[in-house]
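Given next, in C-alpha cells, is a single chain: the form predicted on its own.
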C-alpha cells in the first residue's frame, strides 16, 4: 500500500470524533480555524515523506511496500540511529517543533512489543499477536497514532484503588465476552484530535488491588465515549513575522475522557496483569525519552544559531561575556549530541528481538536538556536584549506611515536591514517569551517525565560495581555493601 497523501490524511480526520474547543463541540477538525495550525502541523508527517530529498530519511521498504520510517522495527542499534535521524530531521523541518502524531505512538508500540513477550510467557496470553496485528494495520495503512498515558491521578499520595473517586485512573469497569469497557481520563495527551488511533498505557506500577487499572489498549479516535477537550490553542491570526514558529507549527494538548468506552479484545494489550504495568510504563519511557533527546537537538541548534546571529546584528559578537554565553550553548548542544550517540551505539537487547536505547545515556541526556533549558532561554534573552519584547510588529513595518521610521531606527550592525533584525528578534521572542515560549518552558521540564524520574531511572540502570571496586582497591573490602554486581545494591537500584 502506498504512503498516504496529506489529502488522504485530512479526509481520515473527517469522522465522528468528539472534540471540544472552548467548550463547544467541533463538527470538522479540519475546518475549525482555532485548530488550523495544529492540524496543519499534524499533516507534515505526510507531506515530508513525499519530499524527494527526504525519502530515505522518512521511508523504508518492508515486504515490497514503502512505509513510513516511524514504523521501522527497532531490531538493531543502527535502526535506533536511523530513528534518531528521522526524529531530528522531522523536527528541524518543522522549525524545532516535533509532530508527535507518529513518533509517540510508535514508541508505545515498541514498548508493547517488548513487554507483551514477557506477559504472554508468564500468563499464556495472546497480547504479542494482537500488538503485531495492530502494528501491521497502522504501518500498512500509514496511520497516525498518539498516546494517552498520564492519568489525572487525583490525590497523588494514594494508589489508584484508594482514590475517593475510582475514575482518577483509567480502569476496567466491565469485562465482556467481546471486550472490555473502560472509564477515566488521561491528562495532556498530545495531538489526539489530529490522529487516527489512540494507544493507552498504564502510568505507574500497580499492586494486585490495582489490577483493573493495569490496562493497555488501542482505539480509533472516533470511538463512541471518547471525548477530547482541547487546551489553549495558538492564535491563527498572527503574522508569520511575529510568530515564525508557533504561527506555523505547534502541537495541541487535550484532556482525554473515557466515558465507558468499549474496547474489543483484539485491541486489548494488558488487562489486569498488574505485575507488568511498571515494566510497560518504564520501557515506554526509555523509548520515548530517546525520541525526546533526538527532537531537542534541533532546538539546541536553533538557539545557538539565534544567539550567534543576534550577537552579530547587535555588534556584540566580540564581547567576552557574550562569547562565554555562546560557549555554554555549544556545550548544551554537544553534550546532548554525545548522549544521543551513546544511547543508540550502546543499545541493549530487549524482549522480542528489539534493542532498547541505553537507559543511562538516554536519561542523562533528557535530564541535561531539561534541567539546563531555562538557562539556555536566559542566555538567549540576555544576548537579544529587551528589544525582543518591545520591537514593532509586522503591521508597523508594512505601514507607509510608520515603516520608514522602523526601517531607519531598527537597522543592525554592519548595515543589517531592519526587517532582518526584526525577524530575528521576533523569532527569539516566539521561542522564549511568547505563549508558545512559556509552553516550552513547562513542557521541556515535565514532558517525557519529570527531572526526578530521569534521576531515579539513571540510578536504577547504572552499574555501580566498578565505582565501588575502585574504592575497595584503595581501602579494602566493603563488607557493609559487599557489592559484586548491580543486583547486590537493592537500595541504590
Ligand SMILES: Cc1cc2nc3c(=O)[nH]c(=O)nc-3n(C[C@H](O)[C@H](O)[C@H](O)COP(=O)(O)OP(=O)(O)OC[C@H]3O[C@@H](n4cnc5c(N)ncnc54)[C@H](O)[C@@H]3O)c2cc1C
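Numbering follows the first chain given and starts at 1. Computed from a predicted model, the values in this text were never measured in an experiment.
Beyond the structure shown, there is the form predicted together with the ligand, which is absent from this document and is the topic of what follows.
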Subject >> Site check 253, 439 and 452: each within 4.5 Å of the ligand in the predicted bound form by heavy atom >> reply: yes
Subject >> Interface stretch in the predicted bound form with the ligand - options 316 to 324, 221 to 229, 369 to 377, 187 to 195, non-hydrogen atom within 4.5 Å >> reply: 187 to 195
Original post:
Is residue 433 close enough to touch the ligand in the predicted bound form, meaning at least one heavy atom pair within 4.5 Å?
Top reply: no
Original post:
Even though the ligand is not shown here, does residue 147 get within 4.5 Å of it in the predicted bound form, heavy atoms only?
Top reply: yes
Subject >> Interface membership of residue 156, the ligand in the predicted bound form, 4.5 Å heavy atom rule >> reply: yes
**OP:** Please check if residue 443 has a heavy atom lying within 4.5 Å of any heavy atom of the ligand in the predicted bound form.
**Re:** yes
